[in-house]
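So this first bit is one chain, no partners, the form predicted alone, shown in structure tokens.
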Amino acid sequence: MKKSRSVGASSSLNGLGKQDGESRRKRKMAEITQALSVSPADVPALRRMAISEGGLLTDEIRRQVWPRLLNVSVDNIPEQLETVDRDNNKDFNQVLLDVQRSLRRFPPGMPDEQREGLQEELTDIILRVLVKNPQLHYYQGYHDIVVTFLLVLGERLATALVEKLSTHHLRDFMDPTMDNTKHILNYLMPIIERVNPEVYDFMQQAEVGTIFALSWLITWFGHVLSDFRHVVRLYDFFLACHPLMPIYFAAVIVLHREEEVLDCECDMAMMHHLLSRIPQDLPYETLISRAGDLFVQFPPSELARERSQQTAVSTFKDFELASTQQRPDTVLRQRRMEQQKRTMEAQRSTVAVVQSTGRRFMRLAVMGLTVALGAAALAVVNSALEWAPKLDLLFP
């Protein structure tokens, strides 16, 4: 077994700047250290740190925090990883092709020998997870997520976290068909419509659809962002939040580019060309804050209820069922029955509560996510915590 390597590719941008930012950085480092020092670790605090400005700051911290965000016990990871039988693996040829095309995902200037060794490890991680979980189906773009974990964590730890992620956040993407992936993409336009009807109407007239955001979603933006520091910052955010947060982030990118969209020719090909190419100088911290705001203001349950589209990650209940490998059609039928029952009960007894909650979401959305992490950010964290502690039950 090759000795695993971890490549620290995120340094100078993994902070909050200089001068005033440096003092906040030191304070945040101390808070993270404190959250890690208690037993058990203060995971809610770590989630808040991962969401707030600057994220987890360094790859060294990520190696300690990412496993806790996914409820992976480092002590239970085998020292020696299973040997991969490549010759008899049905996915090997496709995985190999994708890995060979992943040169740009490795740090510039990395020696060929080191990069080739990491590519071998990348292939083994993917095949190992797929063999151990035959219900999962490989998709092109999966390697873009796995390589990020490899570069930050090294092969041994990355294998454990990627397996957990694949049976959790990425589960819908790894179905035999793209049906659930398409359903998740269908959350994009309703979010845009609620925030900026003009942009929504223009995109609808252009008939651009949502395929431009497919690679964003299924690679957690790893395939489309050239700066690795931006990629790991987003991974901090996504790992600490609800599994649907990447689609909210996709929405805020489109909304941020409002002027470009409205100035574009109202043509499907032209619009797709514009949107599918993400600017590399985006204000990531601002967009992360706005994505959190929109999640609070327009929660997935509301969007799913209005469009009657459910996925394995739209609520914890669905995630729980899907994780035990029940069929999606069974999940959806059961959820519809439960929703109908709850709706009838709610209409009779909780109208006032629902109205109050709606007003609260509106207020929280206006507040925004500040460096100090205000109430809106806490609501995002709390949403993640609704299902996160139950991972113990699903993945003992």
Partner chain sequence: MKLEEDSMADIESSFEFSSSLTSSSLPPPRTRIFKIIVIGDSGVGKTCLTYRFCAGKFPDRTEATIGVDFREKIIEIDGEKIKVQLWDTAGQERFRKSMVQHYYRNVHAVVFVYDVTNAVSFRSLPSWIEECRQHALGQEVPRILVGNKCDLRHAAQVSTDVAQQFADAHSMPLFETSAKNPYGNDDGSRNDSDHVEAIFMTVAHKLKSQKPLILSQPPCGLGDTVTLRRQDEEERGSWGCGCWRS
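Residue numbers count along the first chain shown, from 1. Nothing here was measured: the structure is a model prediction, and the numbers come from that model.
In what follows, reference is made to the form predicted together with the partner chain, a form of this protein that is not presented.
- For the three marked residues, M178, I211 and R277, a heavy atom of each sits within 4.5 Å of the partner chain in the predicted complex.
- This chain lacks the partner; the member of D98, D236, D124, D293 within 4.5 angstroms of the partner chain in the predicted complex by a non-hydrogen atom is D98.
- Of the residues L255, V131, M174, M189, just one reaches the partner chain in the predicted complex with a heavy atom at 4.5 Å or closer; this is M174.
- Per the 4.5 Å heavy atom criterion, the partner chain in the predicted complex is contacted by stretch 101-109, the sole one of 101-109, 239-247, 191-199, 295-303.
- Contact check for L282: no non-hydrogen atom falls within 4.5 Å of the partner chain in the predicted complex.
- The partner chain in the predicted complex comes within 4.5 Å of no heavy atom belonging to S73.
- The partner chain in the predicted complex comes within 4.5 Å of a heavy atom belonging to D144.
- Under a 4.5 angstroms non-hydrogen atom cutoff, the partner chain in the predicted complex has M268 among its neighbouring residues.
- In sequence order, H137, Y138, Y139, Q140, G141, H143, D144 are the residues of 117-148 having a heavy atom within 4.5 Å of the partner chain in the predicted complex; the partner itself is omitted from this view.
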